[in-house]
Ligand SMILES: Cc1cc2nc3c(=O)[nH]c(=O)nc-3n(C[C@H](O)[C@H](O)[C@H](O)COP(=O)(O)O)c2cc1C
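One chain is shown next in structure tokens, namely the form predicted on its own.
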Amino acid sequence: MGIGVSGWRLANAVARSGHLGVVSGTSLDTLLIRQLQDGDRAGHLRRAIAAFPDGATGEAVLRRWWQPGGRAAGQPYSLLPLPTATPDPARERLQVLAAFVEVWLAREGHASDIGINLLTKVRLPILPTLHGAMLAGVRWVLMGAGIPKHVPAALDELAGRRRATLPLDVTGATTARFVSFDPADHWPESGPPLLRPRFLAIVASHALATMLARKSSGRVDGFVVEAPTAGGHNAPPRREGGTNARGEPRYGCDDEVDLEALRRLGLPFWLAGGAGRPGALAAAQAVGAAGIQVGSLFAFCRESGLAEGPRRAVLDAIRAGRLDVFTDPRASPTGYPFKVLRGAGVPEAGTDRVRCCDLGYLRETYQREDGGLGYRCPGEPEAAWVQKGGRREECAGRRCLCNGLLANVGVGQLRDGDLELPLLTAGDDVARVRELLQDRDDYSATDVVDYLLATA
């Protein structure tokens, strides 16, 4: 769904309906400080911060970032430093706190499980984010957009409040590089062991699932099998097949998951992508799945984190039958295909945006000639990208997902008086929202659950 769309409100609502609510774990530190700069008028964030085990950390974050009256008109958001592999204790504590806040609020008022979804490619904040989520009692961790084979062991270490380590992907590296996080560096007096959440790897092939089941550093508890019809990032086609007439990547038989091979692994799996319809759950269970994962239908319900303007624009476009889902092979700086919503009537962050990389979550880490680490993104100014060794043609068509996705949830940056534009995403089955809008102007997360459980 993107940054903040599956936020604590939505996850809380889904959990109250008796199902697994999952919060997005991407960019939680920036999301928290921007919401604090907007005043946290309802006080939810401050209530969760007050529950954080270390009061000094919460107080320091509030002193630095909370603006009681919100930002003044025309005032841009203050920014965090760009993330790097060099340890930054204050940034790590903020990441721990931000994940704690999101999961704590999602768990508030019910006894159901909450999960958190992280992108393997966004490597630097993973460990502190996992620790913060575990402090708040997260029960499931879901990770895709890469190969998360080292995460299970990291969960084991963090559950024991011990140092956890992950390899860092570095382009051109001549030696192995790692990132680590040790709770004792921040809170020397350790508490009791934490509950180790169950780990689900998000995969697009049975081959990857098999490798993770056999070669991961620790216990894998199951898989989410994501088809290329799902929203957000998609796995690239396994076989180069060019593009269709619309310019989208062409998927074929090689991209179909062998469910029989998956069943033989003996681990539960859930089907995702195209599962947002009545009867999909029964169909998934009939082929051996434990259940389904649904995102797009929930993304536009009342409890979604989307700002009201973009959300209403999408609902209007769906009613009018003019919403288009385009699998853009170039939009994401990661190189993965990315689903973009077109025709919603919302001004859209396009390739004509003045290039600026001031968040840096999707930057590529590379080894410089002097042996040090550098950071680059094909969505940054072309001259900077090329100066850092990138190929100019890689910049073509790239968009700034970090800024566009934050704009989706109402915390877009102001630049010289201009507001950062949204970049909306959804899966191919988003048009089914129209069925949820029969005889009503809006719908809730509970309405989605009822729709999915209805007899086909």
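A residue's number is simply how far along the shown sequence it sits, counting from 1. Predicted, not measured: the structure shown is a model, and the values here were computed from it.
Omitted from view is the form predicted together with the named molecule, to which the following refers.
K.L.:
Decide whether G295 counts as a contact residue for the named molecule in the predicted bound form under a heavy atom distance cut-off of 4.5 Å.
P.N.:
Contact with the named molecule, yes.
K.L.:
Residue-level contact is defined here as any heavy atom of the residue lying within 4.5 Å of the named molecule in the predicted bound form; does G232 satisfy this criterion?
P.N.:
Yes.
K.L.:
Counting only non-hydrogen atoms and a 4.5 angstroms cut-off, does L119 reach the named molecule in the predicted bound form?
P.N.:
Contact with the named molecule, yes.
K.L.:
In the predicted bound form, is there a heavy atom of the named molecule that lies within 4.5 Å of any heavy atom of P83, even though the partner is absent here?
P.N.:
P83 lies outside the contact set for the named molecule.
K.L.:
Of these, G146, G115, P183, G274, which has a heavy atom no more than 4.5 Å from the named molecule in the predicted bound form?
P.N.:
The residue in contact is G274.
K.L.:
Quick one: of V141, A98, I202, A331, which gets a non-hydrogen atom within 4.5 angstroms of the named molecule in the predicted bound form?
P.N.:
Selected residue: I202.
K.L.:
From the candidate stretches 422-430, 36-44, 387-395, 59-67, select the single one in contact with the named molecule in the predicted bound form, where contact means a heavy atom within 4.5 Å.
P.N.:
Going through the listed ranges, the match is 422-430.
K.L.:
Is it true that G2, E226 and A299 each have at least one non-hydrogen atom within 4.5 Å of the named molecule in the predicted bound form?
P.N.:
Every residue of the candidate spot has a heavy atom within 4.5 Å of the named molecule in the predicted bound form.
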